[in-house]
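First, one chain by itself: the form predicted on its own, in structure tokens.
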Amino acid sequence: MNVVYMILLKCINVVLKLFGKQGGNIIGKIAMKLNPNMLAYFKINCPVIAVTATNGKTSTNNCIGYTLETAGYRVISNKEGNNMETGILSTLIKHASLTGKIKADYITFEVDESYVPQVFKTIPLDTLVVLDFFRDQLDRNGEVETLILKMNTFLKTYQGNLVLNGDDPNVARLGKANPDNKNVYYYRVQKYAHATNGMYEVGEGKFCPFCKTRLEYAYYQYSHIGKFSCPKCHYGEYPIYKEATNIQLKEKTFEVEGITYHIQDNSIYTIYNYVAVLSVMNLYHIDTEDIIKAFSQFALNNGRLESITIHGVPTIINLAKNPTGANVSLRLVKEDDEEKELLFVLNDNVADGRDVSWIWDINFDALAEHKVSRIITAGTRPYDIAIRMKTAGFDSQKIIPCEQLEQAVQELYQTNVKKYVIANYTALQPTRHAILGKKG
């Protein structure tokens, strides 16, 4: 019967393509209705690599796929970011034969952190990369601890490669979920120029998850990410598989084991993502020259740290769907010495989370001191974000709320100074399209 289902689903995919549609997770939704156990139908005989996190899943997963393709391998991936069960099912259906056979050298998935146990209950998983955990969409996900415990339960029986951010205490703890798993690899990034001695933005990992003692930090990179240790049980002290050194954001370079890597981004959190990718590539013995080449060329160009020029005006667009994402984006703004203006687009659609109280955990302090001359707000909640910026001390006369996105973009380009654009989940692509439309 599943062969009949596959014929039907592939016909639907062809029809969607004829109408210029990618399909997203529609095919997966239909498949789940036809057979809730459809994921078990596929025959996979290559390594499956998965990336999960609160922030950075799409960039890291796509960079893994891009690097493997640069090395000459055939890769199947959910590049568009449909990362829940139905999205992953859609990806497999599009690339499978009628009998469910997948022909690829590697399969890479970004997976929503809530769906890892469901997806890999039936799909074989060779390597899991966990980047970070932050508060995100509380009305859907609940508190961070809920996600961590769910992931920890899944990993208790997992024996594959586990690549963990050793500078995130919420992530590194997962390395102890299964004491019998000898394939746990931690990566780290050395202190960069703008790291702080105290927590600069809101963070989660303040106490040791094992003995409840307050963690001590040598430094904070951003939020609760940094070099930490527990003074009582020494949690945080483990062998490091890969460590980035000599971080040069202006030059967009970093080093690992004496080798310099050039990248397209200049953010500390993307350095972490690249070191995660590098860890995976080393596990699969990918040639260093291929990695260097891929890193120097890879750019997501879908609104994630995307740099474009609109009529001679440099513009940087970035996604921020939670406080940490917004704070990291604002770090870029503050670390830039040039005069600039900011557009912040905030939606409260279902996919964003209806609760926008998270904006009060964004660090808008001292924007004027960092040469931000004007701020435009837009989206479904332009006044909420405008009020938040006013309470942070920014001159209210220089905050312009706009109820229409097109009006906001028009207002933004009334001047010729550099632009930074921050948009949350459902706001990102409409904002990007409006700006590219301005480019003409």
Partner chain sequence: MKEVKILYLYPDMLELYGDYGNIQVLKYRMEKRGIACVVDSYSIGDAKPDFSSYDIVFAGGGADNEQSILAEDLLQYKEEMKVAVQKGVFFLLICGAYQLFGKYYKGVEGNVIPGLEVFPYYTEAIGDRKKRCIGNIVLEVALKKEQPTKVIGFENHGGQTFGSVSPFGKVLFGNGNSFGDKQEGFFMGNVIATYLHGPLLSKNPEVADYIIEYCLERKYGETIALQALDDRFEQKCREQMLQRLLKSKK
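Numbering follows the first chain given and starts at 1. What you are looking at is a predicted structure, and each value in this text was computed from that prediction instead of being measured.
In what follows, reference is made to the form predicted together with the partner chain, a form of this protein that is not presented.
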## Note on the structure
Partner-free chain; cross-checking the partner chain in the predicted bound form, the single residue of 135, 304, 224, 331 with a heavy atom within 4.5 Å is 135
### Summary
Of 156, 214, 101, 121, the only residue with a heavy atom within 4.5 Å of the partner chain in the predicted bound form is 214
### Query
With the cut-off set at 4.5 Å between non-hydrogen atoms, does residue 70 touch the partner chain in the predicted bound form?
no
### Query
Does the partner chain get within 4.5 angstroms of any non-hydrogen atom of residue 411 in the predicted bound form?
no
#### Entry: 4.5 angstroms heavy atom contact with the partner chain in the predicted bound form for residue 203
yes
### Task
State yes or no: in the predicted bound form, is some non-hydrogen atom of residue 387 no more than 4.5 angstroms from a non-hydrogen atom of the partner chain?
yes
### Task
Tell me, please, which stretch of 225 to 233, 290 to 298, 272 to 280, 352 to 360 lies within 4.5 angstroms of the partner chain in the predicted bound form when heavy atoms are compared?
352 to 360
### Query
In sequence order, which positions of 93 to 125 have a non-hydrogen atom within 4.5 Å of the partner chain in the predicted bound form?
none
